[in-house]
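First, one chain by itself: the form predicted alone, in structure tokens.
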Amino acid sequence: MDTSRFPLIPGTQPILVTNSEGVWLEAAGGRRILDAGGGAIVTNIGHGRPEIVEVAAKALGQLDYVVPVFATESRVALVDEVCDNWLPDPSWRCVFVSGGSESIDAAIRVAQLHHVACGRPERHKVIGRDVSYHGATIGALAVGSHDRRRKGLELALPTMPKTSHHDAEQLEKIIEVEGAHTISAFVGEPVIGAAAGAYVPPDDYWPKISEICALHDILLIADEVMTGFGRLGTAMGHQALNFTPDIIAAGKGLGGGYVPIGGVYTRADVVEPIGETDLALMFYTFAGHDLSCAVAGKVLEILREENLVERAAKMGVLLRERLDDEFREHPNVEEVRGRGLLQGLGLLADRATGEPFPRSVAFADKVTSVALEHGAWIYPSGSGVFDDAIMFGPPFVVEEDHIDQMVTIARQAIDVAAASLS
């Protein structure tokens, strides 16, 4: 099959993937690739589950498109599943969308409409962080700070204030400068993914951020697109970081990679004022598609019944131990970081001096490319002060020998990529 016309922007032809099962992808010609990145930190219950196929076939046999303002059995069942088993309290409300970027976009709109409904229309700003990535919509890019993914679009993006990714006290200073009366929300990832390679802030960071937001009546949005639904070894990622947000945006793990779906989840008192007005939280055309909801419900059921969240915590500890053992003194690895089955390596030209690789080298991409040649997909990441990093986010069904294999290949890939530049 000719893939030359497949990319929107011409470049290297992509690998043609023809099959997947468990923790493996199969490329044309039968070459197997260990999915150490879970795609884009998405796959959780493993590839190729036959029970998912059965649920999808049944759903399509019953319904196709139903406008999002109507209810379906699968939509209602998924709301019950998420509220009863995954959110801070069963009284929380849900709305489903088509993916992570839409989740953040909708979460921002919920926060701003909340303040408008409460008579505070001037609260239009959303504070983001100096290292962050929240999605590819204009709104999500505006509150994020992933320099490579914003490049060329800067003039098109609304200007939003940014605070520190590690110093919670800086938020007070930003609020003082901007004026609390102009701020609707603060948004951040519990563990920073694509922009920082699984960076975990200091232990007191999130509790302090939560305290500051509450003091100034600023809604706290947790971007759990990557950390939600078990990835960090807890039901939702904020639990692992000891805080409770006002609004959660979470996607990837909700559908386990089988369907495009995300969602916004919030306390009832956040959305109730909106419902008492004529303000409209306009839906996306394919938001909460019945097929996606049916499959997502089965994914979450499998996660619970097979105790895969607990398994993510257990295998995350093992992965961290293997990474620590392998890279503790590696000259091109700044640190091992992460939680649960979201682990990362910060990469440098020289660990002893702290010298980074030149941006033009695109070192993390080189490491990923070499790893792929050796039989494993590892997710490249990084921006700003975390310019080069790689992440590991395998399916929760990963075995010990798979972890050994991905760590070994990562070591080989870093060594080969570094040697090619020396």
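Heads up: residue numbers just count along the shown sequence, starting at 1. Remember, predicted model here, so these are calculated numbers, not experimental data.
The same protein has a further form, the form predicted together with a small molecule, not shown here; the description that follows concerns it.
- Figure note: of the listed segments 126-134, 202-210, 236-244, 314-322, the one touching the small molecule in the predicted bound form, with heavy atoms no more than 4.5 Å away, is 126-134.
- In the predicted bound form, the small molecule stays beyond 4.5 Å of every heavy atom belonging to G346.
- Although the partner is absent here, M226 is a contact residue: one of its heavy atoms lies within 4.5 angstroms of the small molecule in the predicted bound form.
- Interface residue remark: S101 is counted as part of the site for the small molecule in the predicted bound form, having a heavy atom within 4.5 Å.
- The small molecule is not shown here, but in the predicted bound form it comes within 4.5 Å of a heavy atom of K252.
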